[in-house]
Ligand code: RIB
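Read the single chain below, which is given as structure tokens and is the form predicted on its own.
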């Protein structure tokens, strides 16, 4: 299997502000720590994979505004291959992130270039056909994800979808293309209209997705860790590594990307989960989405500690 990962998805300028609490309707409160940082689920995962040592192509779009240069530089500085990515007229994607004490965040997404797709370019199609795995998220149009998944499936390239980024249901045609679907517990509940408050409920909801064609379901459970329901019905659990949480932004992206990297390295499923949990623990210990993605050595230190 080729050792290259293709990540098709979004890239955003993340506009941060830190607050003690969220304001009430009509209320004005003080904030601090205002900053603009690179992010977007696709770009976060591409950078996470590249920093973990995985050769990675990013297939996405930025605009022609003042944010575009920062976004390209952030990806390139982590050695992400941008040869098939492209700029389009108009604004880049943006995310407005309100960060509360304890690391919890509220996020508003403005799609910009991430929603301005006119199809998948020939360069992107060629990249998809030549890689070992295609990783998708939901901050680009569903039609783009479905077209990319079909190209990958026809070339026998495994497709993994992180369910974050959109609220609506996933088309059955897309579900049937997926080797792994990775929602968090809230996304899993939304996708299945089933409760996900207990491990048993998570398992039942995941089985409902498998009945629609998904081979494996990787559920991110926040402080409760993660649960992997395999194609053969086997269930694997993974707890979190104890660490001081500073900012949870991008933690799910980091977890999914790290899981994919370990999977591409041929590790056993249990090892993939542990590697992903260690990577996410580093991510939540510092501010930002893309800037908080860990280097390989940092993850390995967690694993041996």
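Predicted model only: the values in this text are computed from it and were never measured. Positions refer to the first chain, counted from 1.
Another form, the form predicted in complex with the ligand, is not on view; read the next lines as being about it.
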property	result
The unique member of 97, 127, 228, 179 whose heavy atoms fall within 4.5 Å of the ligand in the predicted complex	97
Proximity to the ligand in the predicted complex, single hit among 109, 84, 157, 214 (heavy atom within 4.5 Å)	109
Close approach of residue 256 to the ligand in the predicted complex, 4.5 Å, heavy atom	no
4.5 Å heavy atom contact, residue 283 to the ligand in the predicted complex	no
Heavy atom of residue 249 within 4.5 Å of the ligand in the predicted complex	yes
Segment that reaches the ligand in the predicted complex - one of 37 to 45, 256 to 264, 24 to 32, 57 to 65, heavy atoms within 4.5 Å	37 to 45
Residues within 4.5 Å of the ligand in the predicted complex, restricted to 274 to 305 and counted by heavy atom	289
